[in-house]
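The chain below stands alone and is given as structure tokens, in the form predicted alone.
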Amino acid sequence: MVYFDYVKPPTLEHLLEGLRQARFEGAVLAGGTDLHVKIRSGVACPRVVFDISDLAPCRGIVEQGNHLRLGAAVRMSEIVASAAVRRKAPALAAAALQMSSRQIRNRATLGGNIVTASPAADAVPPLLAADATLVLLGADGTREVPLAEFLTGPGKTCLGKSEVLTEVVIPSQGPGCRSHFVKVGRRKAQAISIINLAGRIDIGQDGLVRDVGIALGAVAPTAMRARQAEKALIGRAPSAKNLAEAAALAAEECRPISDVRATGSGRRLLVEAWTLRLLHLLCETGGARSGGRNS
């Protein structure tokens, strides 16, 4: 039996003061789908657990100017149901829909999926591809950190001991931008991704790629942007040859490991094949702006 104090702070200020008083022995609870497992297994032994699941500043989904702001305690089921997310960040909505079971989606939160820093986290590639930033609150105030810089290794982030993730900010992608998410697993549901990937693309009226984001998960110590693949497409036509070249570069960039789900070489082959398919889906004329697939 693990014993700890349970606190439900009414404000962010109370949360920060509680974390300070806990002297690095406090844990933040949102959905609890990961924290409960860590406590039961002895991986985490907090003296105080601070429940932010109903803390108003962490619960909103708000369109603000050219940005979409999502509270860290927003649940995956709420992301799936949100018209604003489906419109502004459709790949994220698709990723949330394919995450685990309905019961888990009703508890799991966006912030938890990010802070856990699993290389296979499904919500992270859509956010990386969209250039999302994170709002972190600590005793010294608020700071914004690009998601790409926040993740530092498997299970590791740059989150300070007395800091808490409060919001995820997604910049507007513009009316012509298309996005898509792909999850590749052993089963159609309730499976950890062998690989996952997300992309967005903006093709100008001249037929050339103006902007592109390709993010890969479960193929490196953290989810990663395929920067060389993106660079190969900017300013070029999305021809079959150019898309194939970009997919090959994505496979070269990734650093997959072998584990119980797949070998490193197998993952690299999957990255090339599914990045190519992702890019073709993004470039299809008249196709949907969003989507996802589990194969």
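Since we're looking at a predicted model, the values are computed, not measured. All residue numbers are counted from 1 along the displayed sequence.
A second form of this protein, the form predicted together with a small molecule, is not displayed here; the remarks below concern that form.
Though the small molecule is absent from this view, in the predicted bound form it lies within 4.5 Å of a heavy atom of just one residue from Ala220, Val145, Cys158, Ala191, which is Ala191. This chain lacks the partner; the member of Ala240, Val37, Val62, Ile234 within 4.5 angstroms of the small molecule in the predicted bound form by a non-hydrogen atom is Val37. Within this chain, Ala250 is remote from the site of the small molecule in the predicted bound form, having no heavy atom within 4.5 Å. Within this chain, Gly112 lines the site of the small molecule in the predicted bound form, having a heavy atom no more than 4.5 Å away. Using a 4.5 angstroms limit between non-hydrogen atoms, Gly31 touches the small molecule in the predicted bound form. Remark: Arg87 does not count among the residues lining the small molecule in the predicted bound form, judged by a heavy atom distance of 4.5 Å or less. With the small molecule left out of view, the stretch that reaches within 4.5 Å of it through heavy atoms in the predicted bound form is, among 220-228, 169-177, 205-213, 120-128, 120-128.
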